[in-house]
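Single chain ahead, written as C-alpha cells, the form predicted alone.
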Amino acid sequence: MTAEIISVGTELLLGEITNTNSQYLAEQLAHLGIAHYYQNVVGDNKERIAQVIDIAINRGARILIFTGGLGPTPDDLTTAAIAEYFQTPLVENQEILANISQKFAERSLPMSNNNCKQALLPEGAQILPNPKGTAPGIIWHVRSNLLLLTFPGVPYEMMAMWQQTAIPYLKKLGWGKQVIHSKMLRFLGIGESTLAAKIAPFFELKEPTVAPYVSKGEVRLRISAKASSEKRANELIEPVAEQIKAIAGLDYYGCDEDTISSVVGNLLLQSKQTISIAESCTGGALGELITSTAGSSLYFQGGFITYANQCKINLLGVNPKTIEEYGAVSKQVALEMAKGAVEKTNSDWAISITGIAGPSGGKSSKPVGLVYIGIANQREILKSFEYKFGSNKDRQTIRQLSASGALDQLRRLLIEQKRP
C-alpha cells in the first residue's frame, strides 16, 4: 500500500510559504509504516489538479492525501476538482453547514454565502472533522483500492485532523501494523565523500538502509528500518549505528535532535566548566549558536564582539605588535583573543574567531573564507585552527561554518580531556 501527498496552492509554487505540511505527513506515514515515494505540489487550477491525481494513480498510489484548497474563496478548488475528476456530483452536507454556522455564531461573526461552499462533499464521501477551523476534510473510498483524504492547508488544523481522525481510521483499516523508524547520525569535520568512502559497504544494506545527507558543513546519515514496532526497528538500527560511529571516531558528534551547541553544552555541564567567546568576523554568530540551547546560562559566561583592531587591543589585551606583524586575521591574533577572553571572564575555556567573511576584503595571501579559531583555557592550553571555507561561499554561510567549526573543535578537546 503506497501513499502520495498532493499539496494544493499557488502560494506554494511561488515560494510565499514553506510547505511544512508535506514534511509532517511524510513523517507520519513513516510512523505508520505506509510506503510513500512521491509528493506533488500543484497550483489552484482544476485541470492541473486532475493531472496530478491521474499521475499519482497511474504510478500506483492507493492513498491520496491532499492539503490545501478547502477554504471558502474562489481559488479553493480541491474538493470540486476531485469530484469532477471522478465524475461524482457534489452534495451539500447539512451537518457540516450547521457546524460552520455554529462556529461563526460562537465568534459573533457573520457567515458569508461563500462558506456554504465548504459544506459540499463528493457523493459517498465521509466527513473528516476539523476541530480547529471551519473547513472540514473528506474521507472517501472512491473504490476498494483507492482512498482519498483531504485536509486544509493551515498546519495546526491539518495536524489536529490527522491525529484525531486520520490515524485511528487508517489503523482501523489495518494499516499502521508496521513502522518505519529512523535514526539520524550527525558528523562534523569530515566531507560527505570522505565519510561515504569509509562506510561504503553500509550503503548496500537492505534492512536497515543507510542514506547520506549534507547541510552547511554537516554530514548526516539516516539509518532506517521497517519493523513490527519501534523497538524492533531500533534493534536492527543500533548495531549498524555503532559500527559507523566506531569508524567515524571523533567526526561523529551526535544523533537525531542533537546540535553541536547542545552536545558541547552537555560536555561542559558534565565537567562543570564554563566558556566565554571573542568574535570578530562572525559578529555574534557564535554567541547566538551557543545560546540557542536552553540552559546555556549554566556554562556560558559571555563574550566580546571585537570587530575593530582597537577593540581587540582595548577589550581583550591583544598586543598591537601582533596585529601589526601578522595581521588581524592570523592564528597569533586568534590565540591572543582567546587568552584575553579567558582572563577577562575567568571562564574555564574561551573560543575566538577571526577571519574574512567577504564578499570583499580578501587577497591572494588571505582570501575570502580564511578563518582562524583560537581556543584557550585556564591550564594554559592554547590551540589554533585554520579553516579555508572558500571564496565561493556567501558571507552568512562562512559565518555559520566558522561558528559551528569553533564549537566542534572545543567538543574534540573536551572529549580528549575526559579520556584517561
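Quick caveat, the model's predicted, so the values are computed rather than measured. Numbering starts at 1 and follows the sequence shown.
Although it is not shown, the form predicted together with a further copy of the same chain is what the next lines describe.
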- Item | Contact test in the predicted complex: Gln51 vs a further copy of the same chain, heavy atoms, 4.5 Å | yes
- Query: Heavy atom to heavy atom, is Arg222 within 4.5 Å of a further copy of the same chain in the predicted complex?
  - Reply: yes
- Message: Would you classify Thr291 as touching a further copy of the same chain in the predicted complex, given a 4.5 Å non-hydrogen atom cut-off?
- Response: yes
- Cys311 within 4.5 Å of a further copy of the same chain in the predicted complex, heavy atoms: yes
- The one residue among Ala227, Val240, Ala285, Ile139 placing a heavy atom within 4.5 Å of a further copy of the same chain in the predicted complex is Ala285
- Query: Hey, with a further copy of the same chain in the predicted complex, do Leu173, Thr259 and Ser262 all fall inside the 4.5 Å heavy atom range?
  - Reply: no
- Just one of 188-196, 249-257, 119-127, 143-151 has heavy atoms within 4.5 Å of a further copy of the same chain in the predicted complex; which? 188-196
- Counting only heavy atoms, which residues in 28-63 are within 4.5 Å of a further copy of the same chain in the predicted complex? Ala30, His36, Tyr37, Tyr38, Gln39, Asn40, Val41, Val42, Gly43, Arg48, Gln51, Val52, Ile55, Arg59
